[in-house]
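We begin with a single chain expressed as structure tokens, specifically the form predicted alone.
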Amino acid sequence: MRNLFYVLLASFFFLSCSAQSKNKGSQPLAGLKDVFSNDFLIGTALSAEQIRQTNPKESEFIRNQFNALTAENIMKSEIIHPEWGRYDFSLADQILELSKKDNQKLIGHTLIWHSQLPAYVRQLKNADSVKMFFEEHIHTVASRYDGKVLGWDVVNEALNEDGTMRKTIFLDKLGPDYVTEAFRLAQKATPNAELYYNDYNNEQPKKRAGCIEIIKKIQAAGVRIDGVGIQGHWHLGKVPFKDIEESIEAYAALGLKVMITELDIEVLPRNFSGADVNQRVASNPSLNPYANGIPDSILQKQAKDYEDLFRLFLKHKDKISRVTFWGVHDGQSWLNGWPVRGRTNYPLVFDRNLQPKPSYDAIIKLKK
């Protein structure tokens, strides 16, 4: 009888532990937006399929993890303004409705960018025609969403690495004041949205100096600029922490909000920095070392970089209003196809199955 009692007791203990373990494993994943709710917005970039909500599991995940959305591509001019005088607001309106339904802030990206332009704009030879497109595009798109988006990336990537103005159709046809004019037009078209300048590598000293020069020029003209986006396309083991901190402080000293707008930490090799989408590198097996899976040692190094980054962001949370990851999970990242097509990259904090990586755990523990 006593033996039966101990058998039953052991069985009860085993089942109890199993149930606790199962319940523990089924606990919902802590939402990044909730963990950092007292610090800054946590955003992500959505693809067209995610905006259409074709994957219910992924849609729920996005709703639970993020409180700010940026359209990865569909608000860029080649998609939203595909022909002269014709606009396609279908997907832009969908992401707006999605953000409203899920109580997420929406960031407009982007009004003026030299890349991903409609073909007809690239073919324009006349300065007056470029000016007409420039003015009409800003007015039509920005005014449509006035009071509905938190802010706009008014101008995107107008600088070279040395801080000089990048040679683009806008610089060529409209002159160096086109950035200020873009902000002037946006201010008029959308008085209820914040207005940002957005760029990559603008934490680097030379490019930062050029960015500050642009900002001061806009301000001196009496035109409103509310914030600057540091894109945050960084590389494993090479995150420039000192430059990032100095840039956060320098931009905030100008009275601007600072945002980390397109965050990812690349783990694959390449021989240049930055995020110029026009740069390409020929495919080579040595440039795709983790096609069949990534070693835990690399993920741990990435986690350390993310941890140090978020520690820095928290130190300056009085200056930083938003941190946006450029994608929801590794499988969606633009870095799978750039600068080498077909690579398998792992730059974000969630893997291809929406599971948290060591990087997620590393940034979460900063708040515990």
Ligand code: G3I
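Keep in mind it's a predicted model, so treat the numbers as computed, not measured. Sequential numbering from 1, following the sequence displayed.
FYI, the form predicted together with this ligand isn't displayed, but the following is about it.
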This ligand in the model of the complex has a heavy atom of only one listed residue within 4.5 Å, and of A221, V277, A127, L254 that residue is V277
The single option of K76, R270, H137, H114 touching this ligand in the model of the complex, heavy atom within 4.5 Å: K76
Check whether E157 has any heavy atom within 4.5 Å of a heavy atom of this ligand in the model of the complex, and answer yes or no. yes
Answer yes if any heavy atom of E262 is within 4.5 Å of a heavy atom of this ligand in the model of the complex; otherwise answer no. yes
So in the model of the complex, does any heavy atom of R144 sit within 4.5 Å of this ligand? no
In the model of the complex, F313 touching this ligand (heavy atom, 4.5 Å): no
Is every one of H109, Q231 and W334 in contact with this ligand in the model of the complex, taking contact as a heavy atom within 4.5 Å? yes
Partner contact check in the model of the complex: of 84-92, 206-214, 231-239, 180-188, the stretch with a heavy atom within 4.5 Å of this ligand is 231-239
